[in-house]
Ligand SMILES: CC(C)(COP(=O)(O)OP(=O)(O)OC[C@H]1O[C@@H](n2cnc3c(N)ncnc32)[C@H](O)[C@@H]1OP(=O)(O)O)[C@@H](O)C(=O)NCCC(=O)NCCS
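Below you will find one chain, with nothing else, as structure tokens; this is the form predicted alone, and questions on how it binds or moves follow later.
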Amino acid sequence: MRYSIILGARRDVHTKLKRPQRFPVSVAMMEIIELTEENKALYLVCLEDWSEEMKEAGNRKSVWFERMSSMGLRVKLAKADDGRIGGMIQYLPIEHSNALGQDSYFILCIWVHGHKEGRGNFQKKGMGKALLKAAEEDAKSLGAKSMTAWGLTIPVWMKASWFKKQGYEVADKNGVALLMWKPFVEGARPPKWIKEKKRPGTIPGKVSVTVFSNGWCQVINIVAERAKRAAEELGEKVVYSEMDTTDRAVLREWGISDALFIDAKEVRTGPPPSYEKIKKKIAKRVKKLR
């Protein structure tokens, strides 16, 4: 996981949106449930069905979901005693993640809805721990020898310190992103990050806009749609391209799972920059061509 993508993404992504009705949250009891057709649409927007910004991601996550469902993707949801879904976890065999390992499942994310908007704040009520435990037990039942996750050393979403409290160890490092690991049996092998090998270059007489996208994270999906639209509107001087990093060969070639580059410079994408900001950055590079 490239940390430039997700810094603060869950905390700040919707601060400019009009606030819908708020609901009080009390989670005296909860239930971990499987993903069904009934709640699939909610899962695909990361429980943020109230968010207008989520619509900008288009159908990218849906396309990714259909592809990865046949490759072992697992999803569980946490339901409060009043019936509202407040948390989710998604995980898949490590062979389809941005890490190297074997006999392990990789947690793409655990997200407990923490916004006051929409369904309300369900955090600090044990949902994350319950989701993690359910996923671990599921992975064991499928024959996994360990569970792998990623965590950050900074105090935002997916904190490494939280995973450490749940019994996870640091298996590898990539900047502020740590690869966290919990073995279930003796002899399990620790995973390693797939690390960056190269970056996009420049194109003579053009501005190159390159998006690396894996589809599961709506933050980068939003960024990709905004960058694509901005590149198209700025005309023939801009060359837009995407790298589908669900393709293992592409991921191994570049060592980048999700990112936005304008020429050879990476643009911070968490929280996702606005369409106007992305377009301004590209336009600035176009002016320098003249």
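For clarity, every value in this text was computed on a predicted model and none was experimentally measured. Numbers follow the displayed sequence, beginning with 1.
What comes next is about the form predicted in complex with this ligand, which is not displayed.
In the predicted complex, none of the heavy atoms of Thr153 sits within 4.5 Å of a heavy atom of this ligand.
Interface membership of Met127, defined by any non-hydrogen atom within 4.5 Å of this ligand in the predicted complex, is confirmed. Within 4.5 Å of some heavy atom of this ligand in the predicted complex lies at least one heavy atom of Trp111. In the predicted complex, at least one heavy atom of Met158 sits within 4.5 Å of this ligand. Only one segment in the set 194 to 202, 128 to 136, 97 to 105, 211 to 219 has any non-hydrogen atom within 4.5 angstroms of this ligand in the predicted complex, and it is 128 to 136. Along 159 to 193, these residues reach a heavy atom to within 4.5 Å of this ligand in the predicted complex: Lys159, Trp162, Phe163, Lys165, Gln166.
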